[in-house]
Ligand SMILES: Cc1cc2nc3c(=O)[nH]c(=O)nc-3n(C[C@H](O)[C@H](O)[C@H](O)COP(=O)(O)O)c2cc1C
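One chain comes next, on its own, written out as structure tokens in the form predicted on its own.
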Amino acid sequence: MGFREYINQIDEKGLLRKVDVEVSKKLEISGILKEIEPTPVMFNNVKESEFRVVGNIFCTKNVIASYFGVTPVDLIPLLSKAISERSEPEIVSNAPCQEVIESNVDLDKLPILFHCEKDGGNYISSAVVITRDPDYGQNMDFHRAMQFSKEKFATRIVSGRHFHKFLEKNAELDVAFCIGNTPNILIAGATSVDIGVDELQIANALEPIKVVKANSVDLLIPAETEFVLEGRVYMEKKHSEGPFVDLTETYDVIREEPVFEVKKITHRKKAIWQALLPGALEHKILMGMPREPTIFKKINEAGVKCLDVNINPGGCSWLHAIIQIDKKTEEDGKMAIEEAFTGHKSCKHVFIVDKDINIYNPLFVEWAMATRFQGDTRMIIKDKEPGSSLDPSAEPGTKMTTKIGFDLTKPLVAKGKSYNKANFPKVDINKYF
């Protein structure tokens, strides 16, 4: 299913709100999206652009699971299988993303949003970025980009990521920023896999897609994406980037980042711009969820039966992981903690719960902490080690942080009061009201 087809589908189901009055891409659209998230919204009358804007499309696990026709608990096995059983997408010569070709680049004509008052400029936050290295092949990832002229961005390239390694090696790279994509492409772009793996093959394994050669650069891109910004990123050409709201809903610092020069824009007829609110639910779910399979895999490989993982929005969908296990030995909780930190090295706090705890309901998790946890025997405090640069409390410059694991599982044998919740009778409420 293409992005356009999905938008039409949720519109037919009455799930898409529409704003027909004139709205501005500066502060107004982002404010509306935040106010009514997770409800999807289409903006049909953007003051500064002829193009429509849509946002809040994939804000929850339930929505993403529904897209794939599965339940939320099935998402980890689904993504794990797609990573291990990648497949080549079909290559086509004609594609919707190239119905219109703009050689005279003017970024001001696009509805690139100015999200929050202290932002450094208009930002692209929803693009999957495709590039290629002569030795490793294609790579797809997320990189935000701040517009500073009619044809140029400063794009944030995180050190250590595959794109950064490609850029260090080659000094400059052809790129394609693709905006307006379905969850299989978005999730694949957010996965962490070995260098040399083409994430478009993961996307195709999740749901078959078609790809086409970009118009002016030697890259294969999703055929049904709404917009493609083609050009070149330069390691030595730098421009200030930021401030910008990151995953923790706090402002990131200003840095000197590589320049992305746009040389051609292609798009679909009546193209729809996909907005992605920084630090909001959709940003969180797309960034955190692809890390869950790595935790799941590490814990199971260690011999502990992991049932599900939730890198939850309350932990910025990055710094916390709530993990459900089927406990068989008293050491399972602590083993799961250690493996979770191995599976997601940016994680700061890990919570291990039993199979009777709903990891998607924070009240259940807090109840487990209140009734099943003792800090002197069930808590693991790790010496300071590298955490996440997104964490404002981490040591500046080094991102060193203290990591803590909480074993909230009940003892296999209770020595006092029961650890189990009482069950109330089940009744058919319609009989009474």
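Not measured: the values here are computed from a predicted model. Quick note: we count residues from 1 along the sequence shown, nothing fancier.
The form predicted together with the named molecule exists for this protein as well; it is not shown, and the discussion that follows is about that form.
Practice prompt. For the three residues 91, 179 and 207, verify that every one has a non-hydrogen atom within 4.5 Å of the named molecule in the model of the complex; reply yes or no.
Written response: The answer is no; none of 91, 179 and 207 reaches the named molecule.
Item to complete: Although the named molecule is absent from this view, report whether residue 287 comes within 4.5 Å of it in the model of the complex, heavy atoms only.
Response: Flag for residue 287 set to yes.
Discussion item. Please determine whether residue 291 contacts the named molecule in the model of the complex, using a 4.5 Å cut-off between heavy atoms.
Written reply: Within the cut-off, so yes.
Discussion item. Just checking whether residue 296 would be counted as a contact of the named molecule in the model of the complex - the rule being heavy atoms within 4.5 angstroms.
Written reply: Looking in the model of the complex, residue contacts with the named molecule do not include residue 296, since no heavy atom lies within 4.5 Å.
Item to complete: Tell me, yes or no, whether residue 300 is in contact with the named molecule in the model of the complex, where a contact means a heavy atom of each within 4.5 Å.
Response: No - in the model of the complex, heavy atoms of residue 300 and the named molecule never come within 4.5 Å of each other.
Practice prompt. Identify which of 78, 335, 193, 107 has a heavy atom within 4.5 Å of the named molecule in the model of the complex; exactly one of them does.
Written response: Looking at the other structure, the residue within range turns out to be 193.
Worksheet item: Just one of 348, 132, 283, 327 has a heavy atom within 4.5 angstroms of the named molecule in the model of the complex, so which one?
Response: Contact with the named molecule in the model of the complex is made by 283 alone.
Item to complete: Would you point out which of 337-345, 353-361, 232-240, 133-141 contains residues with a non-hydrogen atom within 4.5 Å of the named molecule in the model of the complex?
Response: The contacting stretch here is 133-141.
Worksheet item: Can you name the residues of 251-271 that have a non-hydrogen atom within 4.5 angstroms of the named molecule in the model of the complex?
Response: Contacting residues: none.
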